[in-house]
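One chain is shown next in structure tokens, namely the form predicted alone.
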Amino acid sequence: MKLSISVVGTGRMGSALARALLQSGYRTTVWNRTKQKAEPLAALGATVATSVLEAVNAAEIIIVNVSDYQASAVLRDDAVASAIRGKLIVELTSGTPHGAREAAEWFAAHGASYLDGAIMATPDFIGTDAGTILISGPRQAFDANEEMFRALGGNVQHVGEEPGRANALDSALLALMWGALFGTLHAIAVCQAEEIDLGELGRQWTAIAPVIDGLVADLIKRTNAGRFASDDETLSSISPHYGAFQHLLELMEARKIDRSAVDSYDAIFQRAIAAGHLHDDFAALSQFLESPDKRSLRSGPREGSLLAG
């Protein structure tokens, strides 16, 4: 017989999680602070709990998907805390790595197993083969319930024993996404200022997207290997990037386009160049997002760089 599961939080994402579990035949109880948001799931076979304690008592696994970790504190009520012993808590609320670590410690102290996750998908992907969820925490707890996780998405991955790993990866991947989205906003602003049809921007983006994908993959690979000096495999050094970047700054200044974000990029360029990395691989910039104390250990001029003797 399949395990009984409770879903705490039935907003759009929590409801999608509950529907996926119901469709896979799991006995599912749901609770939401606003009861009306949970009631549509009753028509699909879910039991609507009247309290968090009732939801916890009804299940062996409690999946939490609320607004933030502060809202997850509903599980830390004294009465609820005494009911979670021996159960598995799966926190799928968006949070921070240190928040996940603190939660893992608290639940362990109260006799519960704890997995922390990051949902890398919109609600329409939940329960599909393309649904991606990153899970961190004890591997044994993940493996023992892998069938349940597969019901939530075909690309559910255990990414490490350390409980904060999933949220750290979530932030890293969102940084990539927001970089692309804000970059698109800048591109739109430039085209509008220069009276270029946005359909043309879309067509040209399609043409160069593989090049950019290759540059991103190379940047990750070279940074991982610490290969910051230019070599025969360098795709682009800092120098040509910085020259072209100045043209963007000049255009945005002339057209009165907001420069606050790109001025931050300029500051990173300038720190790297001042440290003698102008002709190094673009990956050398990765060293200049660290704290000054950490960066100072390895930011001296490199042999063959602009400022080296």
Ligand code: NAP
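Here the structure is a predicted model, which means the values were calculated and not measured. Throughout, we count residues from 1 along the sequence that is shown.
Only in words, not in the display: the form predicted in complex with the ligand, which the text now covers.
Contact between Thr29 and the ligand in the predicted complex is not found at the 4.5 Å heavy atom cutoff. In the predicted complex, Leu115 stays away from the ligand, with no heavy atom inside 4.5 Å. Interface residue remark: Val66 is counted as part of the site for the ligand in the predicted complex, having a heavy atom within 4.5 Å. The ligand is not drawn, but in the predicted complex it has no heavy atom within 4.5 Å of Leu285. Here the chain stands by itself, but in the predicted complex one stretch of 161 to 169, 187 to 195, 224 to 232, 121 to 129, 121 to 129, has heavy atoms within 4.5 Å of the ligand. With the partner omitted here, the residue from Arg259, Arg271, Arg33, His241 that has a non-hydrogen atom within 4.5 angstroms of the ligand in the predicted complex is Arg33. Taking a 4.5 Å heavy atom cutoff to the ligand in the predicted complex, the contacting residues in 2 to 21 are Gly9, Thr10, Gly11, Arg12, Met13, Gly14.
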